[in-house]
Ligand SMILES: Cc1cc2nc3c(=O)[nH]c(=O)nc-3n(C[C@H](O)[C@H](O)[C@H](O)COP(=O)(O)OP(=O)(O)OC[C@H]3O[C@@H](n4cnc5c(N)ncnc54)[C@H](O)[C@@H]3O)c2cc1C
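The chain below stands alone, shown as structure tokens; this is the form predicted alone.
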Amino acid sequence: MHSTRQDLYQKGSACVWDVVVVGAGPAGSAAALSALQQCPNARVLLLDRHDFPRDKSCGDGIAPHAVDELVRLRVEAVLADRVPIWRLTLHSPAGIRVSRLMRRPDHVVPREVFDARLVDEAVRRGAVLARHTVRRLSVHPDHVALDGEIAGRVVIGADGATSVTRRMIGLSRQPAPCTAVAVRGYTAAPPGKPEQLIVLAGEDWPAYAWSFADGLGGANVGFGMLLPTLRAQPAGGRAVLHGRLAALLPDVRPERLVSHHLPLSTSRPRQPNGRVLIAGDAMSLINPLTGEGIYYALASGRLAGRAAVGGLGDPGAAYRTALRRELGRHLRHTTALARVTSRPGVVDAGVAAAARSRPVFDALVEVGLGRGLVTRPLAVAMVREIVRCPATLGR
């Protein structure tokens, strides 16, 4: 439950909060939880421009590494009533198929449910939640002021793909070539055992459709593609996205489709020194291969919250170092792989290799949904598939 506007003003004007978090999605809630985990007596203010529960357009997939983050934050109970989904099926642009059980399951939880549960946990641990839209930010030697009425020793911007916090500290906006656009809707799950299905499109590559069954009778379905490709289409964006989804998943009849932007990690900004930290989508932490962002949101929020209360004189530098140590090598590998897989034939080779080899399949899942690396066996297996079928090099 949100604090009243009057309570927010009185508390904000009476003292300086230890941590102010802008945005109460997974990154923001993780930041609040982490700060309170490190320092239970910290005064943590969690701001959002919406009331909870609220819908958020997303694929809703909670991958195994995201579950690890929930365990670190001691909030894994938010998944207690959800069904683990073990099977992942991939269709390559050329129609090559692989379907295997993953080593660890995913969960599919509507963001309306997942985000509200995380917020509730943060409030239960001691955070103060308030509805507030941030419009102004000014940095001072010993605090950061928001809108002239709220002050925090550290501010964490977790306010999403169009982050106001990011813009106000002078970080550039996400460039269009490194931004994807997707639509998402809900429908009845297809018959059979629940699975996560990804159909990689040959047309307008890179692009793909998905159907993620939740194990409870429903499914999250959608389609995404790069923003410049969408803008180049002669038809309107909505018609293109809806049409591609219908073409790739012809049996799907989703309810109202909602769009969202995905700022890909191939153009993430450098975290500056100082008292303002950026996490989650605001930091462009979206996997360029799969569009996965919840793991990154939880991990970066956890690290930002820890740095906010334990970063001594320079929380920004402490957070930047922690983020690089946790995700730096993985992000470099996903960036490199995104460049290589700009040719759909390389993706065909990867899916074919995963169909032949369980370890290759597992490695691809780790890179796309976790913090995995492009290992030598994975690279060798993909090259072998290309050599087997040289025509893939021409695609």
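Just count from 1 along the sequence shown to find any residue number. From a predicted model like this one, the values you see are computed outputs, not experimental measurements.
What comes next is about the form predicted together with this ligand, which does not appear here.
Just one listed stretch, out of 47-55, 33-41, 333-341, 354-362, contacts this ligand in the predicted bound form at the 4.5 Å heavy atom level, and that stretch is 47-55. Interface residue remark: A201 is not counted as part of the site for this ligand in the predicted bound form, having no heavy atom within 4.5 Å. In the predicted bound form, this ligand lies farther than 4.5 Å from every heavy atom of E121. For V83, no non-hydrogen atom is located within 4.5 Å of this ligand in the predicted bound form, even though that partner is not displayed.
At the 4.5 Å threshold, heavy atoms of V134 reach this ligand in the predicted bound form.
In summary, among the residues V144, L262, L171, L248, the only one with a non-hydrogen atom within 4.5 Å of this ligand in the predicted bound form is L262.
The contact residue chosen from G160, G152, P93, P288 relative to this ligand in the predicted bound form is G160, the criterion being a non-hydrogen atom within 4.5 angstroms. Contact with this ligand in the predicted bound form holds for all three of A24, A27 and W210, each having a heavy atom within 4.5 Å.
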